[in-house]
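Quick setup: one chain, the form predicted alone, written in structure tokens, and binding and motion questions come after.
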Amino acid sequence: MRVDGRGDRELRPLKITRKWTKYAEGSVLIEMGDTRVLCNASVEDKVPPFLKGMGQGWVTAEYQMLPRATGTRNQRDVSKGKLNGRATEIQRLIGRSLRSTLDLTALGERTITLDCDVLQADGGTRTASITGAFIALHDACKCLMDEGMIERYPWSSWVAAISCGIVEGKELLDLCYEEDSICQMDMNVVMSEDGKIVEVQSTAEGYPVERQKFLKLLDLASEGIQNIISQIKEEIK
């Protein structure tokens, strides 16, 4: 029995609250079990210098774990004078994951920034951020379409992400913190709706893992992501 009573292939309860903040073009509070991430999408009529005059837009992300999102208070990056390495790596992952299935020319010369702030962490914050950011991006693009600023949605496929891992020899989907902290291998997977891999991050802890088990985890993640995308579509319709 898992610590929260779930089956091995069972996701934590997923809750999506759209329009969570008032001013952002797209705003989503995503909850995966006890992990809660606020994702805000902001649209600006400008692009980075390297894209000026090229007739295409840009999508980027920022990620931050807020103080007391965990059991002890962590310092804000501004008080340390620099962004920590983990946050930098995760926000780059979010940006890559969203751009992977986008036709940036559909945005025109605009930038959409996804701010992902972890309000409460219990494992899987980066994967929840990717999924929530995609929904916020969807809503921001709908806002642009409703205002006649773009003519079509820019993505070719829906995208979501999930974690999985091997804990005490078992392949488990959607790890909470207690499971993630003791796993023999953890994996974060980003996939499109049609099952294509966007990114896989995986690390063995303590000893190598057989190829067969790695592939089982990948299949488990794919099953979970398809489930998540189905729930997102039901929410958005």
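Throughout, we count residues from 1 along the sequence that is shown. Just so it is clear, the model here is predicted, and its values are computed rather than measured.
A second form of this protein, the form predicted in complex with another copy of the chain, is not displayed here; the remarks below concern that form.
- Taking the partner from the other structure, another copy of the chain in the predicted complex has a heavy atom within 4.5 Å of a heavy atom of P208.
- Using a 4.5 angstroms threshold between heavy atoms, S181 stays clear of another copy of the chain in the predicted complex.
- Taking non-hydrogen atoms only, E168 never approaches another copy of the chain to within 4.5 angstroms in the predicted complex.
- In the predicted complex, another copy of the chain stays beyond 4.5 Å of every heavy atom belonging to G55.
- Heavy atoms within 4.5 Å of another copy of the chain in the predicted complex are found in exactly one of 129 to 137, 160 to 168, 94 to 102, 143 to 151, that being 94 to 102.
- For the three residues D34, R86 and S202, a heavy atom within 4.5 Å of another copy of the chain turns up in the predicted complex in every case.
- Heavy atoms closer than or equal to 4.5 Å to another copy of the chain in the predicted complex belong, across 102 to 117, to the residues T113, D115, C116, D117, ordered by sequence position.
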